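Just the one chain here, laid out as structure tokens, in the form predicted alone.
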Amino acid sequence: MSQTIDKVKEALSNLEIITDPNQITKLSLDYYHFSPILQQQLQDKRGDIVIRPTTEEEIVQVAQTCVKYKVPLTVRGAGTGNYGQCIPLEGGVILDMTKMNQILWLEQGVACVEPGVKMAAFDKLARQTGWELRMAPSTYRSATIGGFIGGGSVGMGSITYGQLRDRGNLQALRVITLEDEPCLIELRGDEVQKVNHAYGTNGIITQLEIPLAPTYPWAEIIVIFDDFMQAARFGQGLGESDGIVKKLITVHAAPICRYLHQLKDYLPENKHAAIVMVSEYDLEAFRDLVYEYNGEISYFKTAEEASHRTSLLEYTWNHTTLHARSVDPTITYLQTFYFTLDKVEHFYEHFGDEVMIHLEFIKFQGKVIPAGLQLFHFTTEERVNEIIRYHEENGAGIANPHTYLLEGGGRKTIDSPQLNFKKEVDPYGLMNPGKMKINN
């Protein structure tokens, strides 16, 4: 491979190429270590070189060169994924897209961006026009829009807008293929699903048209409860309160709260907590809801006050796992669709503190449901699989974060449109090889 990589470097000598081993190591990895199983499988995986393009023309040059020398190519954003989405299994070229970071246009309710645009930076500009991103992960400050589309699925905002794959949440994409003569293809409407959440296996995304949401002054609030299921019912009730505009509904069982050290003044021992973002315009109705469910507001910041502090977003979604692992590295997690509160209660009672429940309420097929990112102490791979199996046998859906296979996570089946599109745009199977069960 080394002689081939030398030829690639020579052919692309006009581009920014990183060859420093320490930088290559850093840019080969993501947060895969959240899973001890993936840590064993992926810890030694590295690319051979990193290339940072700035234009579509440069990407075409990279694509053509990789095809000529049959070198694997793995696309990378900020590397904030958790399942090795951007980790190269077979070496080759890492295409770091962070310098393609231009907002090409921003109009009423829609924007066109390059994939390397950071989500928080985009929102800072978009909010000046009354708009913001519909959803974002807890890695919002550093994550790129292209990376979220390629490797993400839900996040802050999903309580209103559902999942990324829901029709309307992505309007159009431009992708460059890995054929002998690379092509630039535009996908619109339902065709974007050929590339959406495909781990960069189906073409190099160079532009995205994304729909936006009206921006609100988001108050950030913690509500505490004596009873976990009462906190969960509050989360469901807030999600179903159509007259209260919200952006985030998180519920942590008490054992999780002890890992959120920065919030210790607002999370008394043995209390369960809801972390929410709601519109300041709806606070009177929100306080009535808190009263109805016997909650107590322990933390409240207006949007203006919250803008000068660490956002509560960083104690939700998978940042909760990050905080817990900083205290106890043996902790790992699951990703679950509970669908109903009855199932939440069943698993809460069945596992007790072994599986600490962290709920995120989202819109799923038009309904508000509890999803989760439960925490537990890793013991063996067999025990992880037992926990997953028990959930699935009792009606929960598991998006397994302990596999790097695209089909092994949430979908469990091969996506035929994506697979067929891969055969068309990547006939040699060079794009992020090994992440799909069938590459060619």
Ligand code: FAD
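Please read all numbers here as calculations on a predicted model, not as lab measurements. Residue numbers here begin at 1 and follow the sequence given.
We do not show the form predicted in complex with this ligand, though everything after this point is about it.
| query | Is every one of Asn82, Thr139 and Leu322 in contact with this ligand in the predicted bound form, taking contact as a heavy atom within 4.5 Å? | reply | Yes: Asn82, Thr139 and Leu322 each sit within 4.5 Å of this ligand in the predicted bound form.
Item to complete: Can you check 68 to 76, 222 to 230, 289 to 297, 235 to 243 and let me know which stretch has heavy atoms within 4.5 Å of this ligand in the predicted bound form?
Response: Checking each option against the 4.5 Å cut-off leaves 68 to 76.
Next item on the list: Select from the listed residues Asn196, Thr332, Thr336, Asn318 the one whose heavy atoms reach within 4.5 Å of this ligand in the predicted bound form.
Entry: None of the others qualify; the residue that does is Asn318.
Report task. Note which of Gly157, Gly92, Gly200, Pro370 lies within 4.5 Å of this ligand in the predicted bound form, where distance is taken over heavy atoms; exactly one does. Result -> Partner contact (heavy atom, 4.5 Å) among the options: Gly200.
Residue-level contact is defined here as any heavy atom of the residue lying within 4.5 Å of this ligand in the predicted bound form; does Ile204 satisfy this criterion? Yes, Ile204 is a contact residue.
- Message: Check Thr144 for me: does it contact this ligand in the predicted bound form (non-hydrogen atoms, 4.5 angstroms)?
- Response: The answer is yes: Thr144 has a heavy atom within 4.5 Å of this ligand.
State yes or no: in the predicted bound form, is some non-hydrogen atom of Pro88 no more than 4.5 angstroms from a non-hydrogen atom of this ligand? No, no contact at 4.5 Å.
Note to self: Can you work out whether Trp218 and this ligand are in contact in the predicted bound form, taking contact to mean some heavy atom pair no more than 4.5 Å apart?
What the structure shows: No, Trp218 stays farther than 4.5 Å from this ligand in the predicted bound form.
- Within 165 to 179, which residues come within 4.5 Å of this ligand in the predicted bound form, counting heavy atoms only? Result: empty, none.
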